[in-house]
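Coming up is one lone chain in structure tokens, specifically the form predicted alone.
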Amino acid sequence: MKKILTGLKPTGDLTLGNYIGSIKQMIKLQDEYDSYIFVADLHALTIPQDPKELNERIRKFIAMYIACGIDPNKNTIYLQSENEFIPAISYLLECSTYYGEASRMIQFKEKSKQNANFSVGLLTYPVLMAADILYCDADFVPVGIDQKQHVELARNIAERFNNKYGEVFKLPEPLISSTGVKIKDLKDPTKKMSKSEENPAGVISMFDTKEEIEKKILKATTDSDNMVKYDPENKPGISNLLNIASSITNTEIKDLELKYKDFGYGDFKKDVASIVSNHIAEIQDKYNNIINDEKLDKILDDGIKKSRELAKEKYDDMKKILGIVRFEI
């Protein structure tokens, strides 16, 4: 079975956009691949974090992913920071990475402009990401089109290392979904719903109450012609709400258009608000049963054991081929 790897960075709150655009896709993939899912807590440190909030968010993210349908029996789930061999592999890979490659990465280019006193970690994080991918010989990495360059960098580093020292790494491929739906901000439906968005009124958190969810959807930006029709270019707000309803109910857009053809916007929004709030409430019920369960630690214990064994083997292979092993008499 082919191997797939996904990382989730514990910054901000998980949103409805994350659930529909990413988690639901991961749920499908877990039946098709040997799936590895890790919490990228080391990546979160490239910008300042409140330690207490970060620690709480790590556990919340894992519990919410499981509540959404990520099956611990079908996935190897672990914390990146608990595998000490991954940063060690990352350093060895840094020595085969060019500064120009790292500095061209999107996140570095954007965030280094925002703060001239950026950390070295911000520059080298793509190599750590490459280590995340390469240590376990992942065949595929599910990414959005804007993150494709991270997998391409991992391939370039691995290929350069293999050519110079010998075959150590499998070359990964990006897995870009052609069917995934991008959920937009409720207040500005021209941009995606983001957990880092400053205006919370446009973002539905997976931890919002039913009342908060319903209020946000009822106040979502639409247009003035009062016709429920899918037209992303001319009716982005209504099209976004149709995408949300379609994804949660597993109903075709054309069937929803038929269902709501005689609805005004107010009634349409009320119906979508009810669909979304009830669905998230069901997930939250599962989450509340998981978050304080000691089984969560058992899941992470099992995951890190498997992950660490693979990473140690890869690290030892790299050391041997690089000549940094204890000399033999």
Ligand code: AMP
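Keep in mind the model is a prediction, meaning the values are calculated, not measured. Counting begins at 1, following the sequence as shown.
Omitted from view is the form predicted together with adenosine monophosphate (AMP), to which the following refers.
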Proximity to adenosine monophosphate (AMP) in the model of the complex, single hit among 111, 215, 170, 182 (heavy atom within 4.5 Å)
182
Exactly one residue in 195, 210, 219, 254 has a non-hydrogen atom within 4.5 Å of adenosine monophosphate (AMP) in the model of the complex; which is it?
195
Can you pick the stretch from 128 to 136, 151 to 159, 186 to 194, 244 to 252 whose heavy atoms fall within 4.5 Å of adenosine monophosphate (AMP) in the model of the complex?
186 to 194
Would residue 307 count as a contact of adenosine monophosphate (AMP) in the model of the complex, using a 4.5 angstroms cut-off between non-hydrogen atoms?
no
Pick out the residues of 20 to 51 whose heavy atoms come within 4.5 Å of adenosine monophosphate (AMP) in the model of the complex.
21, 22
